[in-house]
Structures are given as structure tokens and as C-alpha cells.
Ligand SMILES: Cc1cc2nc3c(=O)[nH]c(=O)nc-3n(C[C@H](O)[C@H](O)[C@H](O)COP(=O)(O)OP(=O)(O)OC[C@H]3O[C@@H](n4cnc5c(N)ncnc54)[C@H](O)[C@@H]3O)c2cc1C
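Taking the form predicted alone, here's one chain by itself in C-alpha cells.
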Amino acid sequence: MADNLPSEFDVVVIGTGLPESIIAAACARSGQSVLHVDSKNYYGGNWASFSFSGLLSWIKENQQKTDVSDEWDDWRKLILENEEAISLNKKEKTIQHIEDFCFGDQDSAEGVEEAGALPKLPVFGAAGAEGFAQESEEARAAVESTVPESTEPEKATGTEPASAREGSDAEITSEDTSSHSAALGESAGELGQTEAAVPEASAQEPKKITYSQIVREGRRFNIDLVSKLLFSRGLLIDLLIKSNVSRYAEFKNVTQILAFREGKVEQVPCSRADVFNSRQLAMVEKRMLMKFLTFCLDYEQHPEEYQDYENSTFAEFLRTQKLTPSLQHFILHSIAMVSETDCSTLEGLQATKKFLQCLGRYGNTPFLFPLYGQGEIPQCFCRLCAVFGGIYCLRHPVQCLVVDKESGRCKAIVDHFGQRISAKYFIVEDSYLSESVCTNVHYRQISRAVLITDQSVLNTGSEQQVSILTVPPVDLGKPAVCVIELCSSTMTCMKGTYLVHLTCPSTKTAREDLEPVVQKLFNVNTEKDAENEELEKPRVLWAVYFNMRDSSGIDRNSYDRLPSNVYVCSGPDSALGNDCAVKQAETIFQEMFPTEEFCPPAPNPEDIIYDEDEIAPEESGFSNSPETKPEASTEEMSSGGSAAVEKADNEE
């Protein structure tokens, strides 16, 4: 594969995380030749999504921490006398303290095969590759005969970006104009876009989910390494619409904003319709809340209301307003979603305004979630890059960057196969940099937990709810925990289960940070002990905890001996949205190509005019079908909310 690669490119991108993928797409779209490589055998890096078996393989790989052996040790001979090499990392160091637990009977899962799974590829160069044995044709045929509708390839071993799902159940168009009433989310009927969750008729008792069922239906899971949502008026949604990348993905509305108060989970009324339909608020509280939210939408026009509290925290400012303690709690933790001790008044007002401005664009909450998981988004940008000529190589480690001693600029890379590839610019994901380059870099950590549960944290009339819950810290000064609960209609878990993501900035190990919250919200006893516990708590069937490196916000000067034409992309941060990744990608692109537009709209395939001697449209890159996904069942999609985000016809 390496022998067939061209020896020169305009841009070489190392790593397939979200910011790297956006930059690669932007460069290819502006006419640059792009080589995009990753040493892993899957797209996304720490932004990836896995099937259940893929996640188990990822856990095993990170627990073993095996070093990647060098198959070709003579690469240093390619370095000339007037050059020096900056070695790159050969092993993953961004994941720590990984622990997984099964609260069901694991014996029953012995010998159970994942339904319809493809043969798994060995991890390139890893000493533990024998653990990824291929399934026999007979075993797969027998399993496939029991679940014929399961056709998605193994996500962790895919070698192409996600396919374009151009047919959508409900198309949602963007609108530039918004009024205060629209921002406060007029009634569902007026908006015409509110997701209506249809209760599923279930006359039978809910079946107990066993570990063997989870393994067998493992390809129904798409488990994100990093848990994020898309603000409906955030930078990522705007970029998806502008670049026309949104045609490659579908999204589902978050249906519930929840709060944890006095040991109970409650639904937060945030839109005008929710506020006036709420039974948990008195009429006086409804008026108080609407008055304050209306003020937040144009707080800049009324500085006299907050200027005396600019040096105070947002929590202290809320206490001076005519708000009850429950309303203060809702605004602080579930609407502004900010720290009680560290957030200033202005920051809190800005966060509240952002929340309110996102209401009503695509539904009655500000958030969207991509079907099949967050890992779809980097793959969508990878597909755009590939369509415009970008070359992709997974399982393709890079040995070093080659730097010219005289100019101090990077000239080329040397890959694992001994090929020297030259370029003008180089984009490197932070985890690939060696310790010698990162001596003065101080990283933060993110605590993550992923749970598979048997029911929702808040039982409503529908099983198909997507919820976000902020659990405030017990001790002041500690971070709040963000909980995102996904149902099966998001195509991230099997029917009858929920996928729960917990995230917070780390203070200790992930388990120490997050286990107290898990114990508050869920029943974590094994099946035998669960009979004596409270029945209303959802039961955890399986859980994993891990710490992930947060490399966001690091100054470029912190890296030692970094050539001027080498740009570093950070991994995921602990924020709920994706603004950091989009800002970073745009900043780096503009530094490289200041006269080029960042991700201009891509033409639709049917609008391209081909000459007679050129390739026909159906033979072009648009027709490549990299991956297929299982179709959503009629029952799941009838619960509403899947939407293709596209630009309105009247929008300039």
C-alpha cells in the first residue's frame, strides 16, 4: 500500500479525530492534495464510536498497553546530514485507569458470537494481535441466519468513512431569523418541529437483559469514547450546513432536560410551552422564570441589572433575583450548566442566552445528537475530503517528522514502511507527539463512564427519550457531572436498553469521580442482589470507567522544537459542545491558507457537469459506499426526532 503512495502532497494529516478531519476536508475542498493517515485501524481516534465487541477489544488493548514493535528499523538511514528527525509515539498514552464491570451472569455469554459480525482485523504491529481471531464462516452463517436484518460491518474494523444516509425521515431546515418568542420555544404546534415521542405499547412485563444478549446484539451498540451534543446554533451545526456535510448524517433531538435535586430526577421546563404546561411549578414561579429568561435574551441592553454583580458568581447573582431556590437550581445546573463557584455573572448570562437562542430551531430543546454516535461526525468530514481527492490510510504508523536544520521547517515524514513523503504543511494530533516534544506541556484529564442500563432514569410515557442531566457536586469546588442518556432510536444501543454517558473534569480516577453519581442514580448490584433493592432505580447491566487526556487549550509555545509548518490538534475536551474543535480547525486552516475560504459549500453530485472524457457521476467518489448501517425499525423511528440538517432554500 505504501509503495503506491505519491511522494509529495500539499498537506499531510496524522490522526483522524474531529479537528484533523475538519482540516483535511477544508484543505481538500480548497484544492490542496491531502494525505490523511492514522496508525489505528478505525477512524476518529478518541472521538470514535465502537460496537460492543469493538469496545471490549479497545478496552483490552488499552489495559495491556503493549508497545508497537518496529517492523522496519532502518528508517534513520533516510535522514540526511542536514536534517534531524522528531520521533512520533508508537503507543497510546491518552487513556488511563480503565476498569470495566459486568453486573449480570457472564457464564451465559461463553461461546456467544456477535450477530452478523465480520472477521476482525488484527491490530497492526501489536503483540496481542492473536486476541483478534477471525470467526469461521460456518459460525457467522449460523448466527446471521438468526438475525438476518443485522447488516452493519464491525465498526472498529471499518476502513472507510461513514456512508451518506441521504434519505431522511424528517428534514429540518435552518433559519437565520429568530425572535424572543421563538428562542423561548413557542408551542410545539407553532414550531412544527418538536419531536413527538410515541409511547410503545407493551402489554408484557419487560424482559431481563442478559450479558449474552448484549454480546449477541453487540452491533446494535455504537458507543462513543467522548460524549457530546450539538448545539442547534453552535459552530459545528453551522459548519455542517455551510459545507453541505450534513447530507452525510442524520440527527435526533434531545427530548428532555433533567435536573437532580433533593435526591430526585425532575424534568426542567425550558421552553415557553414547557414552562406553562409544567405541573411542578406554581403560577408565580412560571412568571418569575419567564421574566428572568426574557431578560437573559437581551441582557446586554440592561447593564444596570447586572453591572453591580460583575465580580460576583452567577449563583450569587441568581440569589438577588426574584427566583425561588428550585428555579435557581434549574437555571444554574440545567439551563446555563455552569459551576456554582467558578462561573462569573457575565459567563452565566452568556451561557443562559446561548441555551435560549438554540431553542426552537430544530425542536423544543437546544441539542441534537447524531444517529449512530458522535463518531459519525469525523467520518463525515473524512468522506468530504475523500470526495475531493484526499487519500486515506488506516493502520499506517508514521515513524518521524523530518526537519531541515537550516530553515527549521518540516520537510517530510517517514512512515512505518520506510517511504519518505514530502509536504508543505503537517497536521499532527497531540497524542502522536513524543515525550521529548511535550516536556513542558501540562495536560488535564477527563473522567468518563459508560453504562448499559435496563430503563431510563426518569420514566415517562415513552421509552424513546434522549435526555441530558447535570448532577451538581456534593462538595463545593468539585465539578458537576454531565449525564447523557440515549435510547435505542438513536441507533446506539439495542432495544430494551439505554446507553448512559457520564463526563466530568478529573480530580481523581474516573471511578472515584463518577461512581458516587452512578450509585445515586442507578442500582449497581448484581442480578441476585437486585431483588432486595429499590425497584424504581434503573439497573446497571455493564459499565466501564476510564480517564482520557484533555489536550485542549495548550499554547503552541509549550511544545519543544516544533517546526513552524507543523500544527498540533488537541483531543476531546470536557465541554458539552464541539466549539473548541471547530475553532481550532478554522484557526489552523487560516494560518496555512489565509486567502482561502474555510469549508465552502460542496456542490451536489447532480449539479456537477462532466466532460465526455471524464468519469461519469455514478463512477465518481460520490458512489463509494464505505459503510452500511442497519436501518432503523419503523417502531423506533416513529418515536420522532431523526432529522437531516440542511440549508433553507431562502437562506443566503
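Remember, it's a predicted structure, so these values are computed and weren't measured experimentally. A residue's number is simply how far along the shown sequence it sits, counting from 1.
We do not show the form predicted in complex with the named molecule, though everything after this point is about it.
Classification of the binding site as blocked follows from the superposed pose of the named molecule in the predicted bound form: three or more of its atoms fall inside 2.4 Å of backbone or C-beta atoms here. Between the named molecule and the residues Cys102, Leu235, Met290, Ile554, the one pair within 4.5 Å by heavy atoms in the predicted bound form involves Met290. For the options His501, Arg272, His333, Arg511, the one in contact with the named molecule in the predicted bound form, meaning a heavy atom within 4.5 Å, is Arg272.
Although the partner is absent from the chain shown here, none of Ala259, Val265 and Val457 has a heavy atom within 4.5 Å of the named molecule in the predicted bound form. The named molecule in the predicted bound form comes within 4.5 Å of a heavy atom belonging to Gly360. The named molecule in the predicted bound form is approached by Thr294, whose closest heavy atom lies within 4.5 angstroms of it.
Using a 4.5 angstroms limit between non-hydrogen atoms, Val403 is distant from the named molecule in the predicted bound form. Put simply, Leu356 is close to the named molecule in the predicted bound form: some heavy atom of it is within 4.5 Å.
Of the candidate stretches 219-227, 78-86, 422-430, 294-302, only 294-302 contains residues with a heavy atom within 4.5 Å of the named molecule in the predicted bound form.
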